[in-house]
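Single chain ahead, by itself, as structure tokens, in the form predicted alone.
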């Protein structure tokens, strides 16, 4: 690895910017991807490697390349240490994501209820400012309380979060959108919120609802649902 490539890789990792180190196996040439210096096919293969968080050898442009994905873990931020969150968090833990539960109600966000998870008792808008959601961050609000959900959603819509979901009925969601419109968010921005959150699988119980939420999260995580 050349000093220039090493410096660029170190800078990308420090900035938590997902990159792929591509090594051509025939001669050891290395590229940091995506890059304007690479072919469209090589860049596309790098983006797939990042999307799947996988390292692999691929035949591209008539040559064998080893693609090493360097990406920070996907972050899942849950606002509301509620009953559904207690089902959602253990399921999500198996997906290899970085989990954070935000709830200023300290009697809810306890280590007994949420062991081995990052807990934040800040108000949701303050928590979001600290978390600084990026393109590898998903945000789900579960409280049903506008005082908690709305500030989190306001910040989420101003970020690059790849998935934003909010629990509540269609009526609740319509009222939520009206409030967020009053805060200055336009129709295109509001369309980013998946509400009611989760795939329609007929879920009733808390574990079923948690499963439906994770299913939708995975769809967007794998970019199948992006416009």
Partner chain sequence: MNTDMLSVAAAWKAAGEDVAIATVTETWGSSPRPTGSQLVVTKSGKLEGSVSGGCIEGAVAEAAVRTIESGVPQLLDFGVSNEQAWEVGLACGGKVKVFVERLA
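Numbering follows the first chain given and starts at 1. Note that the structure is predicted; figures quoted are calculated from it, not measured.
Absent from the display: the form predicted in complex with the partner chain. The rest refers to it.
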Next on the checklist: Heavy atoms within 4.5 Å of the partner chain in the predicted bound form: which stretch in 155-163, 62-70, 194-202, 35-43 meets that?
Outcome noted: 62-70
Checklist entry - Looking in the predicted bound form, is the partner chain within 4.5 Å of a heavy atom from each of 8, 12 and 17? => result no
Checklist entry - residue 218: heavy atom within 4.5 Å of the partner chain in the predicted bound form? => result no
Next on the checklist: I'd like to check something about residue 212: if you look in the predicted bound form, is any of its heavy atoms closer than or equal to 4.5 Å to a heavy atom of the partner chain?
Outcome noted: no
Next on the checklist: Can you work out whether residue 187 and the partner chain are in contact in the predicted bound form, taking contact to mean some heavy atom pair no more than 4.5 Å apart?
Outcome noted: no
Next on the checklist: in the predicted bound form, does residue 30 come within 4.5 Å of the partner chain, counting heavy atoms only?
Outcome noted: yes
Next on the checklist: Please check whether, in the predicted bound form, the CA atoms of residue 155 and residue 11 lie closer or farther apart than here, given a change of 3 Å or more.
Outcome noted: farther
Next on the checklist: What direction does the residue 13-residue 98 Cα distance move in the predicted bound form compared with the shown chain, closer or farther, given a change of 3 Å or more?
Outcome noted: closer
